[in-house]
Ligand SMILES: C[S@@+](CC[C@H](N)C(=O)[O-])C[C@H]1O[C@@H](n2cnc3c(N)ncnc32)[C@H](O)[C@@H]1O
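Below, in structure tokens: the form predicted on its own, a single chain.
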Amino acid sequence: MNLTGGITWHCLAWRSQARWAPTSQAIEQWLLTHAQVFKPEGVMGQPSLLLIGASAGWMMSSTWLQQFARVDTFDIDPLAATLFKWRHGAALKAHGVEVHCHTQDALADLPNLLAAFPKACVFFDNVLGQLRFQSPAAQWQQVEKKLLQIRKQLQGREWGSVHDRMSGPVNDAINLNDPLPLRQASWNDQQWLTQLNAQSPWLDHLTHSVLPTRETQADSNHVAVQDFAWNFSARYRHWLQAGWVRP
């Protein structure tokens, strides 16, 4: 299965909607609470969004997208544009949101896109954690370097991301009605992995430095970060991390 898209991925996502719904709802609530776009006093009009790695928006919130006047989606998957409009088009059109879908490698062309849309917010929709699969495992340092470069390119922009932090098997089967694990603020990563019932070893998606931390951000109040559990299947779970960064 190609983790960046393809018919097999979309069939799996469609069949998994009930299992993934609690995580989708948790992400939506977090976006609506912490990722409302900031508009300085005196700024006219509604903001626009570059949604990178949009796929079909299987876990994306139409309600959150409705705050934008225009949404441009980018994905290398040729099926993504049609399926995204099928899932979100009617809801966005009803709120007057323009939707433009592009079949394009936005990560490779990010500097040009940022220049072409100088005032747009940017959101990476579960794509940054997949970069490690596009390079040999031995080149993990190059992946980390690329992720840091992306963060530097976004300086001065309002942007966010939801991405895989780690993923792997669990010790016990996950039932559809099992509650999602919730991370307490005082927990370290190992305590969180224990709560996720992680069965070692778990895969590191190399995204630990995607979002600014208290050590790298002068004012940590400008960065909202939250961890989520994603019950990908009955025996496999992802640790998702979401963040929204204001300049």
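Residue indices: 1-based, along the sequence shown. These numbers come from a predicted model, not from an experiment.
Absent from the display: the form predicted together with the ligand. The rest refers to it.
- Residues of just one listed stretch (93-101, 152-160, 70-78, 170-178) have heavy atoms within 4.5 Å of the ligand in the model of the complex: 70-78.
- Taking a 4.5 Å heavy atom cutoff to the ligand in the model of the complex, the contact residue among W58, W192, W202, W64 is W58.
- Though the ligand is absent from this view, in the model of the complex it lies within 4.5 Å of a heavy atom of just one residue from L83, L147, C121, L107, which is L107.
- Contact annotation: G243 falls outside 4.5 Å of the ligand in the model of the complex, judged by heavy atom distances.
- Contact check for Q130: a heavy atom falls within 4.5 Å of the ligand in the model of the complex.
- In the model of the complex, the ligand sits beyond 4.5 Å of every heavy atom of Q139.
- Contact check for Q134: a heavy atom falls within 4.5 Å of the ligand in the model of the complex.
- Although the ligand is omitted here, in the model of the complex none of Q46, L50 and F117 has a heavy atom within 4.5 Å of it.
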